[in-house]
Each structure stands twice: as C-alpha cells, then as structure tokens.
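Only one chain is included here, represented as structure tokens and corresponding to the form predicted alone.
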C-alpha cells in the first residue's frame, strides 16, 4: 500500500484558487482532502480515474487515435466551427485551442461572454485600479461587496482573503474591517456585512453615478437626503461615500449581479471610474469575483494570442472581436456555426435552450474529464486528466496572479493540452496534404 500526502495543493473549483489544500493519496486514489470547502472537496473526490467519461465516437467505444481522427475529420470538413469553454482547464491548453482556432479559421469563446465579459470590456475603456487578494487580506479596512455572494459562490473567500482574514495591518480580522453589501436581495454574504443596502433591480447605473457625484462634492439638484436612489435614501449613499473616503484601504468586490444588471459594461466603467476618483482621497481598488477557476486565464491567453479577451472570430483568416456578434450563444442561436469543440465546460447546463437545441443538431466534440449533459449526444467524447489532479498547468486567480497546479495522481488518459495538440497536428496534416 502506497500512501502519500500532498501539501499546498491548489483547488481548481472557483476563481479564489485556494492554494493551501492537503490531499492524501492511497494507491493512486484520493482518500482525504483538508483545508477545502464542501464544493471543492466534492469536485476533487469525484475526479478519480474510475469516474472518467467514456471514450467513444458516435456512441461506440473506440481507440484514442480513432477519436482524434474523427475529431479532425469533423473540423476540417466544417466551414464555420466554434471552440468554446476553456474556463476550467490550463493556460497551456487554452494556448493550443487558440492555435487550433486559427488553423481552422474558427470562432473561439469562453463563458465570460455571458458573465464577467462586460467587466472585461469596461477595463479596455477606462482601465482598472486593482490589487491582489493578498493585499486585501493584509491591508483592507473597508470591503464593499456589490452584486456578489462570495459566501456561496466562493465559500472560503471570506476566511482566506477578505472579510474574516487576519492580515499584517488588520490583525483583528473581521473586527478591524467595515463590510458593506449592495444587492437586490439578502444573501448569506449580506448577513455578514455591517451595512446591507438592498437596491431596486436594474438601478446600479443610477446609483454609481450618484456615488461619483457625491465623491466629487457635486450638488444634486432636486434631491434631498430622504430622496430614494435605487430604492435607498440618498443619506445612506452619502454615508457610504464618506466611509469610502475615510478608509485607509478600500476594495470593491463586484460580481455578475453588477455585470449582468441593466447597463452591463457601462456599470463597470462607472464603478471603475469611481474607484479611480476615490484614489484622490485614499487607496481604493476593485476586483471582479471571477467564477470558474481559470476563466480569467482564458481571457489572459486569448489576449496574448489574438489581442482580444473573448468572442474572437478567425473566419476571415485573422482575429476579429465583437461580443454579441461572435459570442457563443449568439452564434448558436443564429445558427451560424456548423461544428463545435467543447472543452472543460457544460454548455447544456449554462446556455439558453435555443442555443443548446441547435448545438445538438451539429457535430460536437466534447473534451472533459467527467460526464456532463453534453456527453450523451456528443459525436466525439474524449476524457482527459483533470487539471490540478491528473495533470499540472497554470491557472490565473481572479486577481490576475498565476498559480501552478500540481499533478497528484495518474490517469489513464491524456491532458486537455495533449488532446488539443494531437487534433491540431491531424488537422494541420489534412490541410497540408
């Protein structure tokens, strides 16, 4: 019996990328995981060699070479393929996917196009004053959580990096911080805040502009302290601005409750501008609460390789960028693609029904460690070793810090990188023959 203990393991569940896990392995099987949330534990414990998705082509078992060859055939015969997903796999696999998209003159997109994409677009327009989670932990005495619920979406975030964490200049942890939650409904996170401001849905843009005016000491014509702005009295917003100015180190953690609210990228442009303006009085920063473990890394790699972070289209032989036109669900709903490669995500669980229905009608290649809702009808299913468990690689935390994931156990299948590289080589051979 072989037993080993792996320390400082990175959890590949959410954008927090907790890097202090302890994993006990016995005979190439994970037995225990410590220092992890319930979701992270279930993810790691479930991704074992005996829980792999089936390797098959058109519903029949096959060899790996047969799967590669069929995938290459589908893609080379397609006129308008799309590569989608990549938010839960390594930066190295993302890079191979971009090369494959360029070789095929395909479109490529990731889940940020319908979650934090507006925030990515906003940063292109106005920039972003930001910091690392380590700085939040060690310095922040004011934390504003806007349109996010980290207690449920990023379960260890409060204890590891923000609200509860004890830091170098905040040794008392929670007692040394003020926490403000802004959301349309009470959440587990708002219950842990000092102040909860429950706002009217869709009013974020109006509220942020009022906050910017208050921060600049501009007079608000026709408004009194009793006037409601987004369902909350103006006096409360005035108090928040004064609290922001008086803080030593403030941070806004914003989620898809803000990026997908009415206004979308304009909301984020103005919240980032507000943060920039607050730096005239104190140190203030913003961090998006990215969801999937490496969706940030997918944006990063696309920018390196194409100049654009999402919704990239190579149909004309060079990269073009236009969210809404080249975003995955828009292209599927308009029936503009004729083949798809799905990598490390489950579009059947996330995309609109009309998009999923059309996806089912075109040849689909699924590359994923375990079975999901796409597995039963995908034409080609290729199981892969999960990143951070069966293969090493690079992930980008929500604060843009790259972390190296370890290999813990052996899997009887290749990694995403190896699969994409093999398909790319076959596609290249066909195109050059």
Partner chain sequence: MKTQITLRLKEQPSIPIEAESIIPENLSGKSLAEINSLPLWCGNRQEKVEDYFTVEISELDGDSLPADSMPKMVLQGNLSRFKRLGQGMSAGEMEIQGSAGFHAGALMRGGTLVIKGNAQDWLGAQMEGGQISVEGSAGNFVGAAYRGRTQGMSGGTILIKGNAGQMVGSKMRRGLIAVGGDCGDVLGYKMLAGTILVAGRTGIRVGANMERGTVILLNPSDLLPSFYFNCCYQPEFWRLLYKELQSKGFNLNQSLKATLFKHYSGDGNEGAKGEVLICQSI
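Quick caveat, the model's predicted, so the values are computed rather than measured. Residue numbers count along the first chain shown, from 1.
Note that the form predicted in complex with its partner chain isn't included here; everything after this is about it.
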Check your understanding: Considering 124, 227, 279, 361, which brings a non-hydrogen atom within 4.5 Å of its partner chain in the predicted complex?
Key -> 124
Practice item. Please pick, from 174, 283, 139, 270, the one residue with any non-hydrogen atom lying within 4.5 angstroms of its partner chain in the predicted complex. Key: 270
**Study point:** its partner chain contact in the predicted complex: residue 134, any heavy atom under 4.5 Å
**Key:** no
Practice item. Could you confirm whether residue 77 comes within 4.5 Å of its partner chain in the predicted complex, counting heavy atoms only? Key: yes
**Study point:** Residue contact check: residue 198 to its partner chain in the predicted complex, 4.5 Å heavy atom
**Key:** no
Check your understanding: residue 266 near its partner chain in the predicted complex, any heavy atom under 4.5 Å?
Key -> yes
Review point. Picking from 318-326, 284-292, 189-197, 157-165, which part of the chain touches its partner chain in the predicted complex when contact means heavy atoms within 4.5 Å?
Key: 318-326
Review point. Any chance all of 245, 297 and 422 sit within 4.5 Å of its partner chain in the predicted complex, going by non-hydrogen atoms?
Key: no
Check your understanding: Since the partner is left out here, which residues of 204-241 would have a heavy atom within 4.5 Å of its partner chain in the predicted complex?
Key -> 205, 206, 209, 210, 212, 213, 216, 218, 219, 220, 221, 223
